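Single chain ahead, by itself, as structure tokens, in the form predicted alone.
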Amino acid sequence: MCAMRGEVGPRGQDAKSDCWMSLEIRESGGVEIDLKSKVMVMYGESIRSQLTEGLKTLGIENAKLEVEDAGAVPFVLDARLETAARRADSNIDSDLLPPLKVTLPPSARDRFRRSRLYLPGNQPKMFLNAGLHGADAYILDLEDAVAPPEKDAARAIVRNALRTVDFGKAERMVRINQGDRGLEDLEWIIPHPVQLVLIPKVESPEEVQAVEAGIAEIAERCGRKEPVWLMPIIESTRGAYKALEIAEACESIVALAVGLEDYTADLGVPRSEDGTESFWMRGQIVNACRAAGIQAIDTVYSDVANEEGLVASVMEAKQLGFDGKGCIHPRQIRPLHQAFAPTPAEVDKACKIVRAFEDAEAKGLGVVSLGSKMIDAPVVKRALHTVEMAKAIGKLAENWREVEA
């Protein structure tokens, strides 16, 4: 049998908090580990011990392993070793991390999803301190952010990150790939602490239903009880026309998201700063979401350095009826949250609507009115949402009813 070799990971300047590995599986000779590490003095022995145990777990008794480490944490070392082994020998099917029980923060259908920060699935350096940025959610991306040859490596990194990284109170999301590759992605994430799956480039309800069925099958097999929410991303003219059908495709859907790069390419026009070319599509998505009773999430704002432009984009999205927006850099989170926050006037009006609703309920009235205006159920629902957000961000006291009284 010829020696088999697998290589994975970045080298040089791109290897911050990561590592490069080359694994050659041999017929004999035992295990040889050539380790170079920027943290050799402090952690060299523990890294060598982890790699030795990892090879044993993978069932590899004879191999040469070369490692160039730039400060990779244990879950990254395990993911890189596992991928190198799988690339060397496709028959290897082991998981180096022991089963972990992770306590997740609550993830309700209608939780706040103002900000979702994209984290490229094959760049673990982006994950390590992500929880400090305070986003409502983090998207570990297996799709556009990962080059096709690195999809397998990204799966291992994302799975291990879900099991070990502290993302704080944020919702844990994963964007899978399209079609069959996306269904294969589910095998790597559903047994682990993912809370929401983003489905890219959706053009029909059947695509969403296939993902839901895949999740259900895996969840039953692994004993998962926690729900996995779905967020289809609409990125084409066909998807936009079918937005309501997609929004109502299954009970697991909590939101639709907008993707404008592919949409404008589908239209055959460049994406503009003012977004004129996307107004119809974005309005279509918002209306589909409102009709289906789910959230509408706007596209990312791509100019990271332009905070003024970001705020203007958020205010426009808010006026159109969107509940949140994607982020591509941590610096976008704070201004985005501030722009999506209700104004004092909006909070005051919402409190009056909620109080009028509660008074009508207490009196057994079937009609709610504020002054001379009738208030219907969607208005009350929106007011309740505004009140909850105002309380969550400290713009309204928990005991606001007593304070008003």
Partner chain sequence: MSDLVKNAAGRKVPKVVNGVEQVPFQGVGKFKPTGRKAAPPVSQCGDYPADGDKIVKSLKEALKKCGLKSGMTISNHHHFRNGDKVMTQVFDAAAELGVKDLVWFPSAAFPCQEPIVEHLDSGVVARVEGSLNGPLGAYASQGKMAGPAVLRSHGGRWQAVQDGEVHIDIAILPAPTADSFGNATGDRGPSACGSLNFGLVDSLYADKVIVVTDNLVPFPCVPWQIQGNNVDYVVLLDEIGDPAKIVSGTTEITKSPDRLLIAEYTAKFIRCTEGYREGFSMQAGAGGTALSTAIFLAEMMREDGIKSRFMRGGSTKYLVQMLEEGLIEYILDGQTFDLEGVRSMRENPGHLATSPFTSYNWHGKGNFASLVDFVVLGATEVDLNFNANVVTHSDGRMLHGIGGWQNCLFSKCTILPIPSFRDRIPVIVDEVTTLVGPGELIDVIVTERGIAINPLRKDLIEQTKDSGLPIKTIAELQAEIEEICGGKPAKPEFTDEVVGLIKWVDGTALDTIFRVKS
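Since the model is a prediction, treat every value here as computed from it, not as a measurement. Numbering follows the first chain given and starts at 1.
The protein also exists as the form predicted in complex with its partner chain; that form is not presented, and the subsequent description refers to it.
- The contact residue chosen from L96, L77, V146, A288 relative to its partner chain in the predicted complex is L77, the criterion being a non-hydrogen atom within 4.5 angstroms.
- Only one of the listed residues (R271, R221, R331, R181) places a non-hydrogen atom within 4.5 angstroms of its partner chain in the predicted complex, and that residue is R331.
- When contacts are judged by a 4.5 Å heavy atom cut-off, H133 counts as touching its partner chain in the predicted complex.
- When contacts are judged by a 4.5 Å heavy atom cut-off, R11 does not count as touching its partner chain in the predicted complex.
- Shown alone here, G71 lies within 4.5 Å of its partner chain in the predicted complex, counting heavy atoms only.
- Contact between S46 and its partner chain in the predicted complex is found at the 4.5 Å heavy atom cutoff.
- You can rule out all but one of 202-210, 331-339, 138-146, 289-297: in the predicted complex, only 331-339 has residues with a heavy atom within 4.5 Å of its partner chain.
- Taking a 4.5 Å heavy atom cutoff to its partner chain in the predicted complex, the contacting residues in 34-52 are K38, V39, V41, M42, Y43, S46, I47.
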